[in-house]
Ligand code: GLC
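Have a look below at one chain only, the form predicted on its own, in structure tokens format.
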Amino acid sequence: MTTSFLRRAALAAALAGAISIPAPAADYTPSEENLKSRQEFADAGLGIFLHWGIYSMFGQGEWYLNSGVNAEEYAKAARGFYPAHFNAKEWVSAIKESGAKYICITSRHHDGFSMWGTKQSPYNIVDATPFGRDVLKELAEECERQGIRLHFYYSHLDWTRPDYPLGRTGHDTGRQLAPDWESYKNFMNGQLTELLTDYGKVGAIWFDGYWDHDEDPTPFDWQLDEQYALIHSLQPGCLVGNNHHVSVIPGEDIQIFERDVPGENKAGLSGQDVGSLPLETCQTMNGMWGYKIKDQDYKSTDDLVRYLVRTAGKGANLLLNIGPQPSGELPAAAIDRLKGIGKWMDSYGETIYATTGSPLEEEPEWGTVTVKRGDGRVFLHVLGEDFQSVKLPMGAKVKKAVDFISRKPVKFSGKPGDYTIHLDGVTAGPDRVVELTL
């Protein structure tokens, strides 16, 4: 081809008209439909994250372009992207089997490549690859058939477009910079309009990349109020989340934490205060988000179950990531973990779905607590295998304690504020669960 996809994309940006954006309200008031979506999201417990794009072909993770690779050379990979084994039905079925209630997939990552047939740029899976299929459309239709919510990850930054105002990443991709915020903003809003118009009911837009300008000498104005208002005008029930690593910004409907349960900051990416919105923690099955051929260090099913439980104990959903292979297949190790989690959820899902987080002031060393929304049943999740009994500093009076699986009585002693729960005979596993009636 005589003209690269990236140059054609730049031309398309120059010719694109402005997107009409509704004026944002001074104070965002979520609609009834939005509040219903928030509750459904909060009750979901588990979602599956999918980081997939042409970066998977290099087997080096989703940030490969940022490692000194030339953007024009990188873009040539699109000509060989042919995920012949992609099967939306198989993907959604495997994910549903895990007990997950929603999927979040990268519609466009920082490398600028779009995974649907966008009209805003030819640099997309339909126009730039021999595969020529709109995988987001196929996934949206299959999610609708199987009753799984679909969320779209969308990058606020771009390492290939010349009109993106350069931030702290993507400096060595060789692109010819011509920063034009209005052009780039219109491009993004045009793409979001497509996703929210032509791809069915969208559960959430999951933004990433705000942090690319967090070291600017003056605050960068992403004009998020306008963008959020656009989303809510197109689909009032669509939730807005932003992995910006700061406190909630007006117009957002969920709060996201990366690689840490809310209130912890072991990875250094989640130091923000925990707000009152529905919460979500995103975490990887292995080490990377996108497919990395050398990264076969998958967490065990038991460890993933324990992480899911600890996340629920913080009142949050777990968004657990898989990096699909360039062939379009989910890695065998990921499929194995999905099956293992699903088997556990078949037995214990009731203690995760539609629950609130622990009412205890401090997380106990033995595990965590979830509370069933509606009927108030309390579930003690004992994650340590060596405990014979656990202390429960709960002020309410315990009427009854039973093993969640066998329904056999569990002995307890003490008084409100100082109970001891004895674990003899409680069903073994990565999470021993005792149900309390208060």
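Numbers follow the displayed sequence, beginning with 1. Please read all numbers here as calculations on a predicted model, not as lab measurements.
The same protein has a further form, the form predicted in complex with this ligand, not shown here; the description that follows concerns it.
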Joint contact, 41, 307 and 353 to this ligand in the predicted complex, by non-hydrogen atom at 4.5 Å: no
Region of this chain that lies against this ligand in the predicted complex, out of 33-41, 404-412, 369-377, 60-68 [heavy atom, 4.5 Å]: 60-68
task: May I ask you to check whether residue 208 falls inside a 4.5 Å heavy atom distance of this ligand in the predicted complex?
output: yes
task: Answer with yes or no whether residue 110 is in contact with this ligand in the predicted complex, where contact means some heavy atom within 4.5 Å.
output: yes
Residue 289, heavy atom within 4.5 angstroms of this ligand in the predicted complex: yes
query: Does residue 258 reach this ligand in the predicted complex if we count a contact as any heavy atom within 4.5 Å?
result: yes
- line: If we test each of 338, 105, 148, 282 for a heavy atom within 4.5 Å of this ligand in the predicted complex, the one that passes is 282
- request: Go through 86, 348, 153, 116 and name the one with a heavy atom inside 4.5 Å of this ligand in the predicted complex.
  value: 153
